[in-house]
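Given as structure tokens, the chain that follows is alone and in the form predicted alone.
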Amino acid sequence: MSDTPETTSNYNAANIQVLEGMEAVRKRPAMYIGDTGERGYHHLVYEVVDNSIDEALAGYCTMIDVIINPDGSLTVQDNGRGIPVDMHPTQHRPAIEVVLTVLHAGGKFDGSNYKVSGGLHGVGVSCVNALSDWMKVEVKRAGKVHEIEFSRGHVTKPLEVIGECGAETGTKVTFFPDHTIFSCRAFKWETLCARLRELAFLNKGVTIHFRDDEGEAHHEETFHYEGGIDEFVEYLNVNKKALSPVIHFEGEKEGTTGMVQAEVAFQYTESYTTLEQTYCNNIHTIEGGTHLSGFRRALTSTINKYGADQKLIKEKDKVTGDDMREGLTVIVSVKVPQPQFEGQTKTKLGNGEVDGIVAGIVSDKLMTFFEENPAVAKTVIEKTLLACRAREAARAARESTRRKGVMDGLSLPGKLRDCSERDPAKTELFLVEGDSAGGSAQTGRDRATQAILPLRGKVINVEKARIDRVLANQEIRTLITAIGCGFAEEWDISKARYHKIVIMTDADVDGAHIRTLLLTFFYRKMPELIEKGYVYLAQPPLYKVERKKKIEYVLTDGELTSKLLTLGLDDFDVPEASGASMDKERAREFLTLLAEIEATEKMVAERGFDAAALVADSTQQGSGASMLRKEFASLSGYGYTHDDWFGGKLRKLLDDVRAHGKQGLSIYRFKGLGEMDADELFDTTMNPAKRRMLRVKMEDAVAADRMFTLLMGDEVEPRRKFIEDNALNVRNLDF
């Protein structure tokens, strides 16, 4: 930061400005945090952490601790200045109480204490308080430790001094979300990790320590990146072949509301995709905005000018900005004193002056970089020209097919069995593996609303192919035409012919591969379909179970085991180690534990480990070994030990109960969708009244990009290692 931090004494109750009340927060929480599901539940954490990050931006905070507590509450603690605790001059109550109970109350409106801030609207921490069953806040300030407690936005324990802290300062917020408001019930480690890692990249030098003390996982990780966004780019490109070093520019310029700081880091790779991550005051501007447009404009003009000056780009080369960004990974991070975001969700930056500021910094410094690194510049331009030629070839192919009425929806593919309904909000397109399943689906479907598109063979892996090769693939062209949105520069989501696109493949290795190829295509080439929630995965059953002429369908092996154990308990005595019979509920819990032990033992055996040896060897600390130990420790509650399992006694009990449950049952395992007749396929997998489907979501674009690159990209060794480590890692086992 270029500004020298102001003294703590300048930040006091007089800086807390009250704009309005917050009565509507509990009544309409989605207006303030997006929704009341998983996304909103985690947004509560981000609001509190953002306050600590704002302290870091102001130059006062270097350490942030985030802890998921054993009771499911969450704590955020920092070493910033601490929320002011003196009396507010107009509210006549402690400033901390005002901050936490009044909407639009905070120290970020006049710009004197926070030069830049993500929490501009001032609703964050007060909303968290309002939507929490309880909240406790401790503040270390002026040598004292202060504490105040709340419940659903109301003070339950007034501010009081509870101890001494010497010269230490900081804020500790602990809250438990109100489960009468949220459908989500627990914080997800992976979700919070992604955001905290991102914040550490964006604020080099800040240390964020994250720990999960809930349940048995006890994850712990520390994020600290001295390289800042340069390391962020390297993290994103870890499984890609680099064509250039990470190129970094930064600068600042006075804007209409204060100093605007801009930082850019980017790198070219051999990939055919572009990844642009943009941020303003640490807020991920998913829809981009003026900072992104400024970078793009500068990149295009600089490459064009340098290429023309060096006679590397000729007049006949009709290169575009998209060509110049193929294979580019870029982070654009700006700090703006008074950012203007489009909408409460803050997904697009609107400050017009930022475009020119970013463009000016990038233009000047990129031209200098090219002049000092001509080999890198030549590599970038050669990749640009290759992308241009591939795009032109693809355009010619599209023009050729368009003359025949294909690709623009005028002529639908012959193998598409369309529905009669024309309202896309009511229609569904099933992408079915093979003609056999396609025939069953076509016969059994609801012809009014359900369309069927059989896919022969495997679609091209778009992660490893340029656009001209992608469009040369017949299955891809058929898919593009059926969906109706066009492709590349002609893309228009409003022309989607179906608002449910359902991938329906067999539950085997080939089916999983086809499903992954289709997901790769949608993620890389039609990501808006996923963002809009239009892409689904069908969940066909694995088993058909018939008993006394009653048929039931079972989705997974685990569900089948559970069913057999439930049936097996009828007229079956399950003994305690002492010999006494267990009641039905206790017996069900015991048998479920035995089934879990059996499944874990099978997985570790498939990885080449002996379960008995793992349990006996206390030096084995991997999660596979620890999981087995915990399961066997649970046996003690029933009077048994692991010797009873490895000796065969408990294995036989489990087998006997399962065998008893199978009596009178006919169990059939489907090998593929084609084995189901039309009525059966519709009833189990396509009928909206009965089916189960998974909606494909893209909650973490960074993680998704890394995973698609790893699994579907050119680099073989990282993929081989990942598969070796995780092929049997259903429960995240490691040894």
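Basically, rigid core = biggest C-alpha set you can superpose within 1.5 Å across the two forms. What you see is a predicted model; the values in this text were computed from it and never measured. Quick note: we count residues from 1 along the sequence shown, nothing fancier.
One more form of this protein should be noted, the form predicted in complex with a small molecule, which is absent from this view; the next part is about it.
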### Of I33, M686, V48, I68, the one that lies within 4.5 Å of the small molecule in the predicted bound form (heavy atoms)
V48
### Message
Please tell me which of K240, K335, H291, R81 lies within 4.5 Å of the small molecule in the predicted bound form, judged by heavy atoms.
### Response
R81
### Message
V76, V99 and V173 - do all three of these have some heavy atom no more than 4.5 Å from the small molecule in the predicted bound form?
### Response
yes
### 4.5 Å heavy atom contact, R141 and the small molecule in the predicted bound form
yes
#### Entry: Segment assignment from 83 to 91, 455 to 463, 471 to 479, 156 to 164: heavy atom within 4.5 Å of the small molecule in the predicted bound form
83 to 91
### Task
Look at V139 and decide if its Cα position differs by 2 Å or more between this form and the one not shown after superposing on the rigid core.
yes
### Task
State yes or no: after fitting on the rigid core, is the Cα displacement of D86 between this form and the one not shown at least 2 Å?
yes
#### Entry: CA of T171, rigid core aligned, shift of 2 Å or more between this form and the one not shown
yes
